[in-house]
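One chain comes next, on its own, written as structure tokens: the form predicted alone.
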Amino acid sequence: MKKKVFSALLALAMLAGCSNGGDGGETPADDGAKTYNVGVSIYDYNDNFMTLYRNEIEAYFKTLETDEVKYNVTIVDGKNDMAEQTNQVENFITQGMDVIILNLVQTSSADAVIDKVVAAEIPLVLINREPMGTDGDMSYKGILDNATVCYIGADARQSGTFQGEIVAELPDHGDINGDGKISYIMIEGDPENVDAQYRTEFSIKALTDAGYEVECLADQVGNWKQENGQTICANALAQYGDDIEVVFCNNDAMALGAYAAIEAAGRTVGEDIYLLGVDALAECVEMVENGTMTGTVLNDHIGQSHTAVDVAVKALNGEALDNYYWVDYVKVTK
């Protein structure tokens, strides 16, 4: 991997804020320190990226503790079930959490959940899955109209654009067979998730904006899961064979599945097919380095999780919150 990519990864890994202490709904600890109760609900513990994210939330809260301030962090699994997650939020409210960090199962249910938390006068930090307003992103009234509700995430348009740019920057620009067009399949995440929508749209837009002709051979939903990525890619390879030049995946988990299908079909990444993912999971970064994956895009779980914690601490301190906080993606190529 290029030195500049390593530098970017290192810089992002060091991203962190440094505020703690303050007044709020804290409870006293046995040692005399103020203890804040933090409730965190993650949409699905089976998600590779959100596993890294939630572990870093817990670890980073620990680094902010002092002799005067402690954080009692409770993290629960939404099990990809909105009813389950709603119950978890209601339990957080009953337990008197001082702040809630929420990775929504369904952004379409954001209104009902936000109303409950706001009514309980508990600050709410939404992460990773942005509820969309009537005017698109950054226009959701549940965030704009509530001073104690905010969103932390990364602009998925950027990640999609970076995927497309990685292909455009290849020596053959993704046109392996030289027929004048880039023939691809798209493996999407959750169709309700704005990240999936933007990564799908902007990966291709980056190519067409650069003047390249594209041909979509297949576009199917894999719901972020590795096994679905493998099945979708295997079926597409069986149907379209050598016509497939590029496999775009909305995340690395599905890209790992797609790679298994590519290998089983006797194709070779970097020679007769290209493979793109998003998240920069450690396994996929290694694959990029050894050439078995064309590229991925760092979805910075450290930067995002640290920002979420820092913002939660601001809320506990009674500080004013911005509506939205953004963390940049980074291209990862060989």
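Nothing here was measured: the structure is a model prediction, and the numbers come from that model. The first residue of the shown sequence is 1; numbering continues from there.
The same protein also exists as the form predicted together with a small molecule; that form is not shown, yet it is the one meant from here on.
- The contact residue chosen from T161, N128, Q88, T200 relative to the small molecule in the predicted bound form is N128, the criterion being a non-hydrogen atom within 4.5 angstroms.
- Taking I57, M287, M50, V40 one by one, only a single residue has any non-hydrogen atom within 4.5 Å of the small molecule in the predicted bound form, and it is M50.
- The small molecule is not drawn, but in the predicted bound form it has a heavy atom within 4.5 Å of D195.
- Among heavy atoms of T294, none comes within 4.5 Å of the small molecule in the predicted bound form.
- Contact check for N299: a non-hydrogen atom falls within 4.5 Å of the small molecule in the predicted bound form.
- Residues of just one listed stretch (267-275, 42-50, 305-313, 58-66) have heavy atoms within 4.5 Å of the small molecule in the predicted bound form: 42-50.
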